[in-house]
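Form predicted on its own, single chain, as structure tokens, below.
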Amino acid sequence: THTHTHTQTNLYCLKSRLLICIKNEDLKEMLESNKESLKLEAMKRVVGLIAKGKNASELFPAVVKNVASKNIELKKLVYVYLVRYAEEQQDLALLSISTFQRALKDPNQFIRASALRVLSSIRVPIIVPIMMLAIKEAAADLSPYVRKTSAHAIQKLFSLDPDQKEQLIEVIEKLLKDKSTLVAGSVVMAFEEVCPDRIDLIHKNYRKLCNLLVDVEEWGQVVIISMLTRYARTQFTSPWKENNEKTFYDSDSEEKKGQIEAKPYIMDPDHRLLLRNTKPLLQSRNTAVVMSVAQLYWHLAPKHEVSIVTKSLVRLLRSHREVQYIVLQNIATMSIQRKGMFEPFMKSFYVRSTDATHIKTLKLEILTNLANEANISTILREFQTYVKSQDKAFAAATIQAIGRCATNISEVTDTCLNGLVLLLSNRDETVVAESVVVIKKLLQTQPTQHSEIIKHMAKLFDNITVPMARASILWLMGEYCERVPKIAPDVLRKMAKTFTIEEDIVKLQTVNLAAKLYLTNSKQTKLLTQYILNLGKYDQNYDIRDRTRFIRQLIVPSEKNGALNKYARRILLAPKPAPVLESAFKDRDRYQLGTLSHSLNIKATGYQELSDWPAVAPDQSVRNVEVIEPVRNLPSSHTSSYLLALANITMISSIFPMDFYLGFRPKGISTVHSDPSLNIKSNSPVKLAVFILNEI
């Protein structure tokens, strides 16, 4: 049966390959035919194959022949294909390079842009000079679409030949002055790739970028906001300073107190411009834009203004699971420092049954961060439901969260501890194991008050099978063996029987328990300890063998180690600091919100750190731009004539067709006026009106 199935699979693969070959031959014939319609149909099918992820590289020679076609629709499709395969078929693409160069002069802006895109996709160092020339010409093109494409080509050329950096910076500097919203996002992306440290290029364009931001396409907005966040941190002073801040020495001197006072913080108008112009983008439909504005406010805005991003971030939680994950990660970091921001929206972070485990865990993290004396009872009731979840990983995370709440809010410590003790009788091993681990950490904070809980855990020891939980109970027995003098030796006796079949972590804690009992109760446990140390001496794990050898030399007195033996109690039974249960997101604020590094909690390649606020703001005049506008003074005697003419033209344009104006064309105006902006034959009466008004 297996051989028959294997043969069928092979036949199916051969059949598929044959069909692909036949299909490719048909497409080649269509591409090489003399009919434009057949070629166009073939190219549509080829692009369709690429869109489906199929390999169409075999058709490259047949496709590239049509690059010089006069049919614009066909030409566009050919360029789409070439952009995809030019890097793989470099030799064949190089043969058509003269065609691409001619296409750079094509009257159609899309053809010019496509030609540049293909040219920059050919990754061959020999054509770098040609690419550079093409980029410089495209940067000066009348079409903003072509200029945008040139900005994209800059990044490709820089990755191919970094030595061209200085020339590319000149092009970037020129494109940064572009007033088109289509170009802005692309050129800032090129700036970030090629020369992110050249802040001086941004000074003169800062206000323009702030004002254009609302009209730039969405992904351009994300790039610009990210760049402006870094820029603002280098050019403005911190808005987080307190107005009544005084130095230490000023507070001691009454004379200086009246003379020297901390200057009240006054926000730079350009700083305010950035915050004001990004605020409307919190209503964007694009989640990346909203997240970018949120991180900008978090890193740049005064503390009392940051809360305006809260509603927008909560709104994003209705989005897809992937978006929720990133947004919740950022909220988790923000909620550690500013609980008040998200406390009114606490119900938005309640876990739903349809949520994935990683989403549930993040919501749990946020709820734990938001917990305080006022809302802890509500949160603990919610946690009681989560502990019963069928999702074992989530139930375990909930128990850890209860432990954190108990540590952070002293009023509920006993309540949480009693609740966790009740969970020790749960049927689910995972819940019991996690409860033991958390109880162990909580008991370290106040062990004298909870000897009954330690006894209760000892009774449950035989029923617990999870290694980490067994090891935690053994550690508690050893650490507080003097508080349970009758139970601890019995637990050691049981462990001596099962020592050889236990997990390594349990064996290590058994050795520790034996050593501590030997020091505190040697009469009952001396022989047991020697037996366990002998078992550990020949264990397969070298960690256990080393630990056993160390413990034997430390606690068993001999001539060689007499000096060390004196300090055995101080070494093994020293008071240990209670563990601090902290959020996993505590350290993530060192990374910029919304970045890959923040998401992974590791510095990713290409990550640029936000600089600290400068103590003194740099000169703000560097952002001033001289604007020279031609002023045309209209004589007062002509004002009434100007307005009358405008009113008459507006009225006439709503009544008569265009032919009427062509019949009454002023003398000297040809069908196509010498001014290219005024084509009377092809444009609306408005342009004729403009001409008449200018003549007046």
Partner chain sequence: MIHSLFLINHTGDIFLEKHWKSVISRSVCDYFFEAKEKAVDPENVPPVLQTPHHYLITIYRGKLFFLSVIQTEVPPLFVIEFLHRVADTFQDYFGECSEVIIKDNVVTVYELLEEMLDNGFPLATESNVLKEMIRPPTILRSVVNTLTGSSNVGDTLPTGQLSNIPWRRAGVKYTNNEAYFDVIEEIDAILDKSGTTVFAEIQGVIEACVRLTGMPDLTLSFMNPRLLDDVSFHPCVRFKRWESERVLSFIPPDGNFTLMTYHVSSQNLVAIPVYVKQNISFFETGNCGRLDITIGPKQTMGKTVEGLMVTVHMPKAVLSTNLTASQGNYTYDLATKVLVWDVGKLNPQKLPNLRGSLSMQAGAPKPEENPSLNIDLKIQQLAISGLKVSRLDMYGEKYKPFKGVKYVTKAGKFQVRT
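Residue numbers count along the first chain shown, from 1. Nothing here was measured: the structure is a model prediction, and the numbers come from that model.
One more form of this protein, predicted in complex with its partner chain, exists but is not displayed; see below.
Residues Ser312, Glu382 and Arg427 are all found to lie within 4.5 Å of its partner chain in the predicted bound form, as judged by heavy atom distances. Among residues of the shown chain, Val222 is one whose heavy atoms approach its partner chain to within 4.5 Å in the predicted bound form. Contact between Ser186 and its partner chain in the predicted bound form is found at the 4.5 Å heavy atom cutoff. Mapping the unseen interface onto this chain, Pro144 counts among the residues with a heavy atom inside 4.5 Å of its partner chain in the predicted bound form.
Taking non-hydrogen atoms only, Gly403 never approaches its partner chain to within 4.5 angstroms in the predicted bound form. With the partner omitted here, the stretch from 515-523, 174-182, 617-625, 412-420 that lies within 4.5 Å of its partner chain by heavy atoms in the predicted bound form is 174-182. Residue Thr357 is the only one of Asn375, Thr357, Gln530, Thr234 with a heavy atom lying within 4.5 Å of its partner chain in the predicted bound form. Proximity to its partner chain in the predicted bound form, defined as a heavy atom within 4.5 Å, singles out one entry of Gln90, Asn108, Asn541, Gln337, which is Asn108. Using a 4.5 Å cut-off on any heavy atom, the residues of 288-322 that reach its partner chain in the predicted bound form are, in sequence order, Ala288, Met291, Lys311, Ser312, Arg315, Leu317, Arg318, His320, Arg321, Glu322.
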